[in-house]
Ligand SMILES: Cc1cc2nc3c(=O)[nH]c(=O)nc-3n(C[C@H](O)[C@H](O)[C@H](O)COP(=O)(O)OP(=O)(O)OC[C@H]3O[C@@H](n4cnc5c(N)ncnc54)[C@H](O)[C@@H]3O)c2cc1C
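Listed next as structure tokens is one chain, alone, in the form predicted on its own.
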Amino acid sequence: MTEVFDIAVIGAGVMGATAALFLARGGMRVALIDRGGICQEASGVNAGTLTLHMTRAALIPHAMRGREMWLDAPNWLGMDVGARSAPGLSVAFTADERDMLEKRAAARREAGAPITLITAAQAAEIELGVNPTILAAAYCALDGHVTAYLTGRAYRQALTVAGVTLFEGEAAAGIARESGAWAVRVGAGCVRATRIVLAGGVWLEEMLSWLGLTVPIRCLINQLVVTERLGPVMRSVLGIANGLLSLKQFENGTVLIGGGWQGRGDVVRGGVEAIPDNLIGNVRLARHTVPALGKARIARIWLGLESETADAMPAIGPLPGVPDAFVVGCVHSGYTSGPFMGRLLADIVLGVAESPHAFNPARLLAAAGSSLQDSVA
């Protein structure tokens, strides 16, 4: 391909696709490259939870902006993706768990999240289905959920209207500098662009190595379970103090059970198989928290990948020592803040925002001892 785009985004998950969309709306000619389809990897198979309970305090303001974007998707994305606001409860069964919730709620309140500790009786008024033996709960009115599998169709439509050139089913295999532009190898050819954005999630470690940069990225293999349709058994987004449970019931009656219980897999093979003991533990915990789930039957189990940096903070901004190269990804509980983080990266590239200090990729390069002198720049 002889055309030189203004920018090529590698990775079409929520953050990469949002960045591509707002870069195109900012006047750039954009190429979006992904080995699969838009939002078909981690962004399309996760639990779709919108939560401030499990978001790190430092990320609360960004998660609140991301939640607002999800709920406003018909206006900026052009389509309802099933984003719904719902009360969020994180429950405690023991005194230690109650203390944990109290400390966590205080830290998040300081960052702007409206999370308060409530009694078991107050929690039962919000969520009739919750186990009556809980001691207390942390409550947030600003939780909710998105139907993750709907997002790919919405993004594709918006990206097409914005004029983004889509390279779906085209795995990027490397990057090189050629005649003052970046050349991204895809199949037998390449996509050329003046700038590049790496938005590869768990595959960022490999992508950064193409530029001579070493940044370890942890890959989590999260198990997810969905039940057959039930009558109404819950109306909130439910979790527990230790974070190993997330529960929500969709409008079609199915209940999605998550919480980060691990399966088997890796970045090369993806999610390979569930671990039976972890699956049983996850489902038992869900049934204990909402006893009515004892009547539920499991319809499907699958695995989703989640990326994490060494300090569990995102990498968003320009890559130091590598001109015209940017990165976005690895946001803890990133689905809530995902669209806002993608837009933030677009604004950084367009010169209307700066990379927050805590997200600066330079800290990860320094921590890993990566040598900028060895990069392709």
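In case it trips you up, residue 1 is the first one in the sequence shown, and so on. Predicted, not measured: the structure shown is a model, and the values here were computed from it.
This next part talks about the form predicted together with the named molecule, which is not shown.
- Although the partner is absent from this view, E97 stays clear of the named molecule in the predicted complex, with no non-hydrogen atom inside 4.5 angstroms.
- The named molecule is not shown here, but in the predicted complex it comes within 4.5 Å of a heavy atom of Y335.
- Although the partner is absent here, G239 lies well away from the named molecule in the predicted complex, with no heavy atom inside 4.5 Å.
- Using a 4.5 angstroms limit between non-hydrogen atoms, T309 is distant from the named molecule in the predicted complex.
- Shown alone, this chain has one stretch from 282-290, 204-212, 109-117, 228-236 that lies within 4.5 Å of the named molecule in the predicted complex by heavy atoms: 204-212.
- For the options I134, L159, L224, A193, the one in contact with the named molecule in the predicted complex, meaning a heavy atom within 4.5 Å, is L224.
- The candidate spot formed by A19, G66 and P314 is out of contact with the named molecule in the predicted complex: none of the three has a heavy atom within 4.5 Å.
- Residues E170, A171, A172, A199, G200, G201, W203 are the ones in 167-204 with at least one heavy atom within 4.5 Å of the named molecule in the predicted complex, listed in sequence order.
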